[in-house]
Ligand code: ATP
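Shown below, as structure tokens, is a lone chain in the form predicted alone; questions about how it binds or moves come after it.
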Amino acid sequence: MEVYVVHYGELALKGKNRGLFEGALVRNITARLDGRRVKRRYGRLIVEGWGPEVEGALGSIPGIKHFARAESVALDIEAIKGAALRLAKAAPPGPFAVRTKRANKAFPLTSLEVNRLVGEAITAETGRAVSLSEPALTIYIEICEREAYVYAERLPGLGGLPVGTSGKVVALVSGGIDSPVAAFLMMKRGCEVVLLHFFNETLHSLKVRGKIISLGERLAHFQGELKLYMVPFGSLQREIIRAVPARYRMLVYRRTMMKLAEEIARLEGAKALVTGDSLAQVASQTLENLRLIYEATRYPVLAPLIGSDKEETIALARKIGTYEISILPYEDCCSFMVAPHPETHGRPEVIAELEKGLVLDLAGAISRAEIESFDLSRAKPGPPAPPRNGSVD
């Protein structure tokens, strides 16, 4: 039988909760593959049937360390030899190695004995030499409770934890490079992510809306079902411009966004907010300013890129397929009517005094929010899987 052998990393360390995480991964794979059968075997999952669409899905589902296109054969050394020989004959010439894992200790041969018998059969049939240190071909054999799996190439997954195992978060997405990457990283840590975008109605256009929707579609490639709130910010922005000097507007803009995000989080039952902040990257991201911004909400604020430099973030954006969307022309509402040299060391007492004069209809803005829902059928195809020379990290 043609199957994919799926291995996970961190899930194996979850002790008594391992079954819950494994079950979530099974559900996510099944949903992504439209009900395709997924079986649990100790320390691995088995997905039936080969196909490029299966590889594309497995390469983009958080929680998978690596996977392989394998042949499932009976628990019989001759059947195992036959599968290994087929792989060896189909591969380019060169030395080989056989590596066996025996999860089923009732199998009559040890891992070393299987390696030796299969290796001898391949050498006798093909003339290939054995090289355990630098093989051109490695044949993997996994002996499980009911069958054995034989394969020759491991494809990298995203790693991390299955979406849905770490709770729900609301991620503020600006349309730039950083915030979609931050949202992806929280998906990879097992969070169900709800996207939140603020737009300036005077600048809002079909092009801007299309860009944000494209980012949502691309991120749905990793999470599956995904919700996006697009909240109008124009009236709030005009009120801030009226009452706040230009050098402080960015801070008040972002504090107002945090208050709005908190309300969306409450509606969604989310447990935290997520930003694309990177320490000291721009004026609003100094320690003093981040503290002022984050204090506007009672929710925890997660910033997975806080220690990353721009080049690292760009590299990851390219890997996950958001970079080309993020660099499309776009007017960020936060940049509207902000001083050329904004405040970099905001003081709480100054911001508190400025905010006293504001009349902000937060509930009205939320009531006018547009809500988009994405599912797997709308997910952008993008890169089907991370590069085969390593997992996304």
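The first residue of the shown sequence is 1; numbering continues from there. Since we're looking at a predicted model, the values are computed, not measured.
Missing here is the form predicted in complex with adenosine-5'-triphosphate; even so, the following discussion is about that form.
Proximity of Phe184 to adenosine-5'-triphosphate in the predicted complex, heavy atoms at 4.5 Å: Contact check for Phe184: no, nothing within 4.5 Å of adenosine-5'-triphosphate in the predicted complex.
Partner proximity in the predicted complex: Arg218 to adenosine-5'-triphosphate, non-hydrogen atom cutoff 4.5 Å: Result no; Arg218 lies far from adenosine-5'-triphosphate in the predicted complex.
Interface membership of Gly276, adenosine-5'-triphosphate in the predicted complex, 4.5 Å heavy atom rule: Contact check for Gly276: yes, within 4.5 Å of adenosine-5'-triphosphate in the predicted complex.
Touches adenosine-5'-triphosphate in the predicted complex: Thr286 (any heavy atom, 4.5 Å): Thr286: no, not in contact with adenosine-5'-triphosphate in the predicted complex.
Interface stretch in the predicted complex with adenosine-5'-triphosphate - options 72 to 80, 174 to 182, 130 to 138, 149 to 157, non-hydrogen atom within 4.5 Å: Going through the listed ranges, the match is 174 to 182.
Contact assignment for adenosine-5'-triphosphate in the predicted complex, among Ala88, Leu316, Met257, Ile143, heavy atom within 4.5 Å: The residue from Ala88, Leu316, Met257, Ile143 that makes the contact is Met257.
In the predicted complex, the residue from Cys191, Val252, Val98, Leu196 that sits within 4.5 Å of adenosine-5'-triphosphate by heavy atoms: The residue in contact is Leu196.
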